[in-house]
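Here we start with a single chain on its own, the form predicted alone, put down as structure tokens.
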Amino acid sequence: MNWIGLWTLTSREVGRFFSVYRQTILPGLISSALYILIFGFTLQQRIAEINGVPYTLFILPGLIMMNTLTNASSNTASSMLQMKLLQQLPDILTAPLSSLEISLAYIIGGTVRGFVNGTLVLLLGVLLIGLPVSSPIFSLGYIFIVAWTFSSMGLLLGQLADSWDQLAMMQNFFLTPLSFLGGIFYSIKMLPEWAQVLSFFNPIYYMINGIRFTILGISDSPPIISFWMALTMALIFFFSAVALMKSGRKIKL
């Protein structure tokens, strides 16, 4: 393992989004605060509570997951695609770094961004509305796993996309709809039976369900299933991204 090269590339990826925190960190906090104010405080007048939890508190875990997976995936996807379009990727490929080391650097960068954004939204909920966190260690650990999962997925999308339009299409027609249909603002038990069955095929539902259990202690399905789903997806996307990097396909335009 080339630890110096791995550390250098990872530092660049982490420093890249920290240097533009006004674009990568602040928007997530502002949008989450708006969701709390608009959806939480407004709809709570109509929906007092779900599963015994006030509605404003109920939606916070979903907002945490949405910020985590969105930032984690967009960081690696945009970074990889930008390197391809600017013809800078060949320079990295000729460096004494293996496909595993290159993939790890990008994935760690995206994971850090997703984890930071998710944790900050969690703290925002604690400070703004007194969000009770039943298991802080498990909550942070789960946020990390989800950040790693979608950072790996973002790297895969960045390698497959040939233009910003293609990447936007993948994100807008896949990631965003599944996020909003994953139970951020509602419990799937409120849906018709056929819609509940469809929700079980939505992988992001398990991410939201798992973090909701670690924070509020409630879930619509067994939390152990959510944990194993997150871990399985993390392994699948990680090894797929590394394999595609090693094959060299779709890497050069």
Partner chain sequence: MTTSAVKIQKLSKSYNGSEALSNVDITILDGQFFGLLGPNGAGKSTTINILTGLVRKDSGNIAVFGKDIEKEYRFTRSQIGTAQQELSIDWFFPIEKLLQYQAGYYGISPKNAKERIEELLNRLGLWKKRKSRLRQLSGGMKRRYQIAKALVHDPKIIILDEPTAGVDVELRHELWDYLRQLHQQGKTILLTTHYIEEAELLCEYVSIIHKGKVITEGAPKNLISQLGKAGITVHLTKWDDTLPALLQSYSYTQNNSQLHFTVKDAETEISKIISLISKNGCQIQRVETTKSSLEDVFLSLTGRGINE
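Residue numbers count along the first chain shown, from 1. All values derive from a computational prediction rather than experimental measurement.
The protein also exists as the form predicted in complex with its partner chain; that form is not presented, and the subsequent description refers to it.
When you look in the predicted complex, the only residue of L131, I92, L140, L175 with a non-hydrogen atom within 4.5 Å of its partner chain is I92. Using a 4.5 angstroms limit between non-hydrogen atoms, S179 is distant from its partner chain in the predicted complex. Within 4.5 Å of any heavy atom of its partner chain in the predicted complex lies no heavy atom of V126. Shown alone here, M233 lies farther than 4.5 Å from its partner chain in the predicted complex, counting heavy atoms only. When its partner chain is considered in the predicted complex, Q171 lies well away from it, no heavy atom lying within 4.5 Å.
No residue in the set I38, T119 and L167 has a non-hydrogen atom no more than 4.5 Å from its partner chain in the predicted complex. Using a 4.5 Å cut-off on any heavy atom, the residues of 83 to 105 that reach its partner chain in the predicted complex are, in sequence order, L86, Q87, Q88, P90, D91, I92, L93, T94, A95, P96, L97, S98, E101.
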